[in-house]
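In structure tokens, one chain follows: the form predicted on its own.
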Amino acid sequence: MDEKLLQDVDARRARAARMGGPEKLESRRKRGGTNAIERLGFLVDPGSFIETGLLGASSLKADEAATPRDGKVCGFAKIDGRDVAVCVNDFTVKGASTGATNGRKLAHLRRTATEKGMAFVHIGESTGARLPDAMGSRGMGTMLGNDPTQFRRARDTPWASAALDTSFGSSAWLCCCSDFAVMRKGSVMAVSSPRLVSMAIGEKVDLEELGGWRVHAELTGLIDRFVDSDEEAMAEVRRFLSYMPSHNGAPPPECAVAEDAVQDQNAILEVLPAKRTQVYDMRKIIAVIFDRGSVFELKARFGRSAVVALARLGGRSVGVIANNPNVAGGALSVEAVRKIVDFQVMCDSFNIPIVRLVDTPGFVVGTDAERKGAPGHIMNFMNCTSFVTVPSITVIARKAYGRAYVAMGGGRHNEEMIAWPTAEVSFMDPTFATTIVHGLKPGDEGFEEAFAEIGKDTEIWDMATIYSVQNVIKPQETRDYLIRMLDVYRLRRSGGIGEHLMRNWPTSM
């Protein structure tokens, strides 16, 4: 072969490897930022990355030399020994804006991940659609709408994304399409840049208010975890994927149980109050029941009266859904409902068994809840719970009232429902029922007598008698009981695979 041809290959590879050039890379370094290749190094197993589209560039001939890789580093790698498809945006090349060539690269990754059964990872930092390429009818005809599968997100393989620095356009879209999204504090994720939004509405827009991490942590719920550095963001993606199967046709991976995984289960009794009206942090109980250090909570600052987390129980991946009485007494807000539904759909879609810990007085009511569409969200919750096909066990810790009892897995919406002796189940909290029936409030004369009469049948024993609850156990017996019964309820006939009735459920509600 002509040696010049081989040298030409080397030269073209070298030009692509320069990314946006030494000056832009040095500028990022001085600001303390990392570049696309450094982020890739934090994310994947050393030596495992093989690139696709290294020699890709803008489809416009005039921009070809200025757009190495067309602003996206794409390829296949391994994370903890398992194959993944990965794209890391290179902001030093035209702000990693969306172009015709890099759109084809991304489409190839997503298609391959789906067809071959591997996770898809997108590390975002971008300005949005590339201008002026997308302008005019020719630009629109070239850039948008030509890939009908671009946003057809069925949960066939896990998707994970990161929003770093300025994540506009596609970086935001892919976070919203993903099963897991992490954001670095100080970054912003939004539909468009502050400059464009300011022009559209005629007033200056603050970067943090537009799409800073607190907005997504507390108001939108679109991001699952928040970190302080790019390296931590990549570690979060790796950790999320460690709980997930590579595709929905496989059970989640099992890990060896660490020697110190089992904690003193009597510690639950120190957290659970003796008084029924006293609040406590359910997360402390979750931390004791599941393998030490394995609890990976999602959306911790959104819908805070509920807790959702991936965890391990005897080395096996499980999904945890719980009420947290430490916030609003555990009453379920619209935000808490949205969070639970999103998580429950993900677990069922990827064959992850679910454990529910119930302690709730019901759903949040009032004008604000109604204006947020509470009835519709509650029915979504009911619909979702009834579609779950993975093994699930509900544990009633204390309060389980009204429709929330059912939505949280009460009755036959699971393989088994168990309860602690502290459990109380009824249509309504006895305090409210006493006020409605007798017109008496706490402190009124005769309230205690009326309350005792209405509340006498809320204890769990009658339910156990008619086998509506399958067992009453001591709190400190919960871990061992769950491990044994989740083994009993394994999906042996299907090799641990659920029916995936919600695989097309929207990823952002």
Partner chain sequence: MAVIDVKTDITGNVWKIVTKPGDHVGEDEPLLILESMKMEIPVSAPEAGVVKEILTTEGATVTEGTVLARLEV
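Residue numbers count along the first chain shown, from 1. Here the structure is a predicted model, which is why all the values come from computation and not from measurement.
Absent from the display: the form predicted in complex with its partner chain. The rest refers to it.
Here the marked residues 290, 312 and 418 all miss its partner chain in the predicted complex; none has a heavy atom within 4.5 angstroms. The closest heavy atom approach of residue 78 to its partner chain in the predicted complex falls outside 4.5 Å.
Though the partner is left out of this view, residue 47 does not reach within 4.5 Å of its partner chain in the predicted complex, counting heavy atoms only. With a 4.5 Å cutoff on heavy atoms, residue 364 counts as touching its partner chain in the predicted complex. Not displayed here, its partner chain is approached by residue 399 to within 4.5 Å at the level of heavy atoms in the predicted complex. Partner contact region in the predicted complex: 277 to 285, out of 236 to 244, 277 to 285, 260 to 268, 166 to 174, criterion any non-hydrogen atom within 4.5 Å of its partner chain. This chain is drawn without its partner chain; in the predicted complex, the residue among 114, 101, 326, 426 with a heavy atom within 4.5 Å of it is 326.
Site annotation in the predicted complex: the residue of 119, 331, 393, 341 reaching within 4.5 Å of its partner chain with a heavy atom is 331.
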